[in-house]
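There is one chain below, alone, in structure tokens, taken in the form predicted alone.
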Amino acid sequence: MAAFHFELVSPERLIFSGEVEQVVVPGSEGQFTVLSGHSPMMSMLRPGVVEVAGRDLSERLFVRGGFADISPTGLTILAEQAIPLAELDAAQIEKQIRAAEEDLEDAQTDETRQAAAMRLDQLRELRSALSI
């Protein structure tokens, strides 16, 4: 398989930069695979797992929000949040989900209720990514 350049960037840091053979992207319209020579396009991202494959490389990363830009020079993903799945701890996430559920039940105002619901949704997305 021919290689192409791929970068995954989050607001905090450059997560990945290198030559790859294939990237599976969770696009807003559905999951799609990018190979060398892919037609140029842009896609919004939905929460999910980006799967990166190369000769001696296999990486899975959870992304939340952002977009993918495929150009003649390669693929760039700008993600609102990106975490390698290897760095996620299922037990810790379950503990955080229980705490977020309690925060949602205890919320006194619409603002705190909305913030707690958003946090709970994000944690559930992370848990879902781990079970893939």
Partner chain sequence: MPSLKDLRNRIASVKATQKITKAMQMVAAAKLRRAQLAAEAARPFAQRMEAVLANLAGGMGPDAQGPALLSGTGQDKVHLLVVCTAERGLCGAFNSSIVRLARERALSLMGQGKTVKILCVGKKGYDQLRRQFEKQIIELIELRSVKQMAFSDADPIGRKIIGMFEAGEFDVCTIFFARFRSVIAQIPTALQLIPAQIPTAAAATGAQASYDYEPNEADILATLLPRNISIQVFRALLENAASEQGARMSSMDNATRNAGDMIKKQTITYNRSRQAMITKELIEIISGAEAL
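Fair warning: this is a prediction, and the values are worked out from it, not measured in the lab. Positions refer to the first chain, counted from 1.
Omitted from view is the form predicted in complex with its partner chain, to which the following refers.
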Fill in: its partner chain in the predicted complex: contacting segment from 84 to 92, 98 to 106, 55 to 63, 41 to 49, heavy atom within 4.5 Å
41 to 49
Discussion item. With a cut-off of 4.5 Å between heavy atoms, is residue 34 one of the residues that contacts its partner chain in the predicted complex?
Written reply: no
Discussion item. Within 4.5 Å, heavy atoms only: does residue 125 come near its partner chain in the predicted complex?
Written reply: no
Worksheet item: So, in the predicted complex, is residue 110 in contact with its partner chain at a 4.5 angstroms heavy atom limit?
Response: no
Discussion item. Is it the case that residue 120, even though its partner is missing from this view, gets within 4.5 Å of its partner chain in the predicted complex, heavy atoms only?
Written reply: no
Worksheet item: Looking at its partner chain in the predicted complex, which residues in 55 to 78 have at least one heavy atom within 4.5 Å of it?
Response: 65, 66, 67, 69, 70, 71, 76, 78
